[in-house]
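Before any questions on binding or motion, here is one chain by itself as structure tokens, the form predicted on its own.
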Amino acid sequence: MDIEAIALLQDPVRRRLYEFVAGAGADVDRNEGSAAAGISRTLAAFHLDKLVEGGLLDAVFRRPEGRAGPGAGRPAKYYRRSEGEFAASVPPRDYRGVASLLAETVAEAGLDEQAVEAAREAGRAGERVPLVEALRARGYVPLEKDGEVRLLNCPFHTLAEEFPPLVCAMNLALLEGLADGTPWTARMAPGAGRCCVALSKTNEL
């Protein structure tokens, strides 16, 4: 159940490990988790495996880069954020159902341009804080590296799969609005397992 998975994050050590893995931008092993959480490797492995059991993380086995062939040893265990989505509401709500209905209505009525402009204005209207902070407040998991910000998740993932042209265009416009007045530029840069938009200070992605 979603609530049981979410309850796993009530433990502060487990939550730190989840946030580290989710924001790493690459698979991480037990040693990296141990160092990030400031706990022993054995305890890190215990909590990481609990997160896998709860469906919040996935475990994959492969040999570390540079090790191949005879004598390379057994594959190592790595962790990555699960593609699963968890939510809990008491009493039950259905905001996603309403969002889907509205998106369908906008698409059928040909109101895409108005919706995109509304998203851009919503981004501009946001509180003027550092970009990464603004992204986190909007539900993105940003990874800043080498003058670029990659977004390791899409807050609108489910709706974007249902209405990709409309929702991805609105997402880009929202991020353009957030970046307005900053050195950052938002561009479409789709990739597996991440948001279809990235930001750069060099106009190159």
Partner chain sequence: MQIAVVNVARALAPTDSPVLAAFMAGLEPVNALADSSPGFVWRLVDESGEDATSLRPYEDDLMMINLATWESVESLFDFTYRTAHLEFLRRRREWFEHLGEPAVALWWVPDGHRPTPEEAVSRLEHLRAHGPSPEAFTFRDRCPAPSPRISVS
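Positions refer to the first chain, counted from 1. As the structure is a computational prediction, the values presented were derived from the model and not from experiment.
Same protein, other form: the form predicted together with the partner chain, not shown, and the subject of what follows.
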Residue contact check: Y140 to the partner chain in the predicted complex, 4.5 Å heavy atom: no
In the predicted complex, A107 touching the partner chain (heavy atom, 4.5 Å): yes
is_contact(G181, the partner chain) in the predicted complex, heavy atom dist at most 4.5 Å: no
4.5 Å heavy atom contact, L43 to the partner chain in the predicted complex: no
The partner chain in the predicted complex: contacted by all of S100, E161 and C168, heavy atom 4.5 Å: yes
Selected contact from V28, L56, L151, L172, since only one has a non-hydrogen atom within 4.5 angstroms of the partner chain in the predicted complex: L172
Answer option from E133, E113, E85, E121, heavy atom within 4.5 Å of the partner chain in the predicted complex: E113
